[in-house]
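Presented below, as structure tokens, is a lone chain in the form predicted on its own.
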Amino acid sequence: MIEFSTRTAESGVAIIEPKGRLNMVAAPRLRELIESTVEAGATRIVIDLSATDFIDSSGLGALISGLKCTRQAGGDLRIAQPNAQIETVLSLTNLNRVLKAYASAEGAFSAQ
């Protein structure tokens, strides 16, 4: 079971926090959440993975879909605080080249 929480940082960046396993059951909900956030006008989104235990190919697909959605709207999607399993999956799939991990959700858009 996964839970999602959302908040907006002082900078106006939308932060989505998946808590649990980001797999084929949870990925469609994340995809919908990102799309609805963009439709609501927030085009800079951070997925804070600090409470995400596991990610599979469906979860990666949701992140890539969200990246495409935000960039088409003129924004960007970034990830923050992935655990070792998620970093390994990103590295093995070379998605770490397009989804660079940041140390904190609040600093993802201010970091270079």
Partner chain sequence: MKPDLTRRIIALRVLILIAALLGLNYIIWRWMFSVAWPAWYIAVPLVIAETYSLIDSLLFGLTMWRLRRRGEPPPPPPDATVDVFITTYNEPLELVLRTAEAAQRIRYPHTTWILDDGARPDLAAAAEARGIRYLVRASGWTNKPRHAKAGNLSNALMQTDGEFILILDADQVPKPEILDRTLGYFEDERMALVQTPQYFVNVPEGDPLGSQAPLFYGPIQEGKDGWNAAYFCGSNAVLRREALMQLGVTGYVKAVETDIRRALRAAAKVIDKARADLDGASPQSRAALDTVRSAVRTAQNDLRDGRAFAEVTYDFQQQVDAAAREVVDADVLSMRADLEAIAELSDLADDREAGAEFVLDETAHGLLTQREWSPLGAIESVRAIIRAVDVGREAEAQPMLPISTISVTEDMATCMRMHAQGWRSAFHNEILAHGLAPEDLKTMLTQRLRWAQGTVQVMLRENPLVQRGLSAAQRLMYWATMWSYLAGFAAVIYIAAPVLYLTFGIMPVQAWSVDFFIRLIPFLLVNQLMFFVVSRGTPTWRGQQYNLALFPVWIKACYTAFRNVYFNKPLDFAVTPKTRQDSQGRQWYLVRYQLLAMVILVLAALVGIVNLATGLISPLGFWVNIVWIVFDLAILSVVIQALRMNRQQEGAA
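None of the values given here were measured: they were computed from a predicted structure. Numbering follows the first chain given and starts at 1.
Note that the form predicted in complex with its partner chain isn't included here; everything after this is about it.
- Although the partner is absent from this view, D76 contacts its partner chain in the model of the complex, with a non-hydrogen atom inside 4.5 angstroms.
- In the model of the complex, its partner chain sits within 4.5 Å of a heavy atom belonging to S57.
- Within this chain, F109 lines the site of its partner chain in the model of the complex, having a heavy atom no more than 4.5 Å away.
- Interface membership of L67, defined by any non-hydrogen atom within 4.5 Å of its partner chain in the model of the complex, is confirmed.
- Residues S11, L33 and N83 are none of them found to lie within 4.5 Å of its partner chain in the model of the complex, as judged by heavy atom distances.
- Heavy atoms closer than or equal to 4.5 Å to its partner chain in the model of the complex belong, across 5-35, to the residues M24, V25, R31, ordered by sequence position.
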